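Starting off, we have a lone chain in the form predicted alone, written out as structure tokens.
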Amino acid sequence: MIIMGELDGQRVFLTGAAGGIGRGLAEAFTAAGAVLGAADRVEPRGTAAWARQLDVTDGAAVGAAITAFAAAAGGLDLVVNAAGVISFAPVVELEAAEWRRVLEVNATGTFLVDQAAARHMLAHDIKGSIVNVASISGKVGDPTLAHYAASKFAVIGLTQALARELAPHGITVNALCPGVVATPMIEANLKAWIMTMEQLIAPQAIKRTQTPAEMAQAIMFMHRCRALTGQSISVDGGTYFH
């Protein structure tokens, strides 16, 4: 359940806001009272008063977008990286171009957003929060997901390193590791996985998909808890206990 007013007045910059988990986060943050800046490769619609088309692999554009949102909103409190891509291929069939595409968006894109956010927060003495959306695939690799797992392992490593760098400045950095979240992408990907939803959630202790609202709850907790940094929190229905 999203608590009304939980983010009242908090300036939140969110990437990947046009679809999937990101769109659900946008709706939840808005419902919780955030001043939301929504960005995606396809301009988000109906999710925020401030919305921009943004390629997270373009460092200059990322920096400009964060600066513009902070100026419009009167500050910056929380940055959430939800932009990401996924595809499936056995490693012996995986094209190098596809490996690079997934790493470029998921790992390099997250780095560029984190870097721009850190620069802005440091320059304005903001004791804010950064949350990177990783995956349980960033903790345990699965067949046909070598490139995706590598990108999400990279996100978790980046999160830990940046948390140590920014802690002396009062900035926290954490990662969210979703499991099976109920989005259209999951339904579409079941064909690629050659399995049913029941098979997909079978390893979970809680036998159901998770929701974008539950991801938002975890992110808001990370933002509020100022003693929490460098952590990769799994919200996966109890798939992995680490």
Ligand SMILES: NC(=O)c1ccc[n+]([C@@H]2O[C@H](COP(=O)([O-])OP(=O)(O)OC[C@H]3O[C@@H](n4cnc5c(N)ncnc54)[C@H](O)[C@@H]3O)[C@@H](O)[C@H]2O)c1
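Remember, predicted model here, so these are calculated numbers, not experimental data. Note that residue numbering begins at 1 and tracks the sequence as displayed.
Absent from the display: the form predicted in complex with the named molecule. The rest refers to it.
Stretch 144 to 152 is the answer when you ask which of 68 to 76, 159 to 167, 117 to 125, 144 to 152 has residues with heavy atoms within 4.5 Å of the named molecule in the predicted bound form.
Put simply, residue 105 is close to the named molecule in the predicted bound form: some heavy atom of it is within 4.5 Å. Not displayed here, the named molecule is approached by residue 56 to within 4.5 Å at the level of heavy atoms in the predicted bound form. The closest non-hydrogen atom of residue 129 lies beyond 4.5 Å of the named molecule in the predicted bound form. Although the partner is absent here, residue 83 sits close enough that one of its heavy atoms falls within 4.5 Å of the named molecule in the predicted bound form. For the residues 181, 213, 61, 31, the 4.5 Å heavy atom test against the named molecule in the predicted bound form is passed only by 181. Contacts with the named molecule in the predicted bound form, taken as any heavy atom within 4.5 Å, map within 18 to 42 to 18, 19, 20, 21, 22, 40, 41, 42.
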